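Take a look at this single chain in structure tokens; it is the form predicted on its own.
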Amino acid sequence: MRNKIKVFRAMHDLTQDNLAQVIGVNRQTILAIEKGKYVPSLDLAFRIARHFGVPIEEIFTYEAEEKTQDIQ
């Protein structure tokens, strides 16, 4: 899942630590989400979107892995 948390943080002049405190997680969680190493729960994703006042789809984008098939 891709996300634009870093972009929204920059637009609102927030550090990872500032955002983490506001939504009730630690800075490492924000870092892991931004780097794509951790997929947030739906509840956490909504809390992040609500904090920035935007729909969840503006911050998070699901990209399914493409599966290739051999056609013979």
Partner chain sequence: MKKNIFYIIVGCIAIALVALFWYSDLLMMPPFMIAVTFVVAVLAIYLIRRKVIDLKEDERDVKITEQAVLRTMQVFWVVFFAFSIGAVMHLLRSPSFPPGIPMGPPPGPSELLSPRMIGFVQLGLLCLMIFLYVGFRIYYAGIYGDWETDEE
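Positions refer to the first chain, counted from 1. Keep in mind that what you see is a predicted model, and the values were worked out from it rather than measured.
There is also a form predicted together with its partner chain; it is not shown, and the following applies to it.
- In the predicted bound form, its partner chain sits within 4.5 Å of a heavy atom of Lys6.
- When contacts are judged by a 4.5 Å heavy atom cut-off, Ile59 does not count as touching its partner chain in the predicted bound form.
- Of the heavy atoms in Ala49, none are within 4.5 Å of its partner chain in the predicted bound form.
- Contacts to its partner chain in the predicted bound form (heavy atom within 4.5 Å) from stretch 28 to 46: Gln28, Thr29, Leu31, Ala32, Lys35, Lys37, Tyr38, Pro40, Ser41, Leu44.
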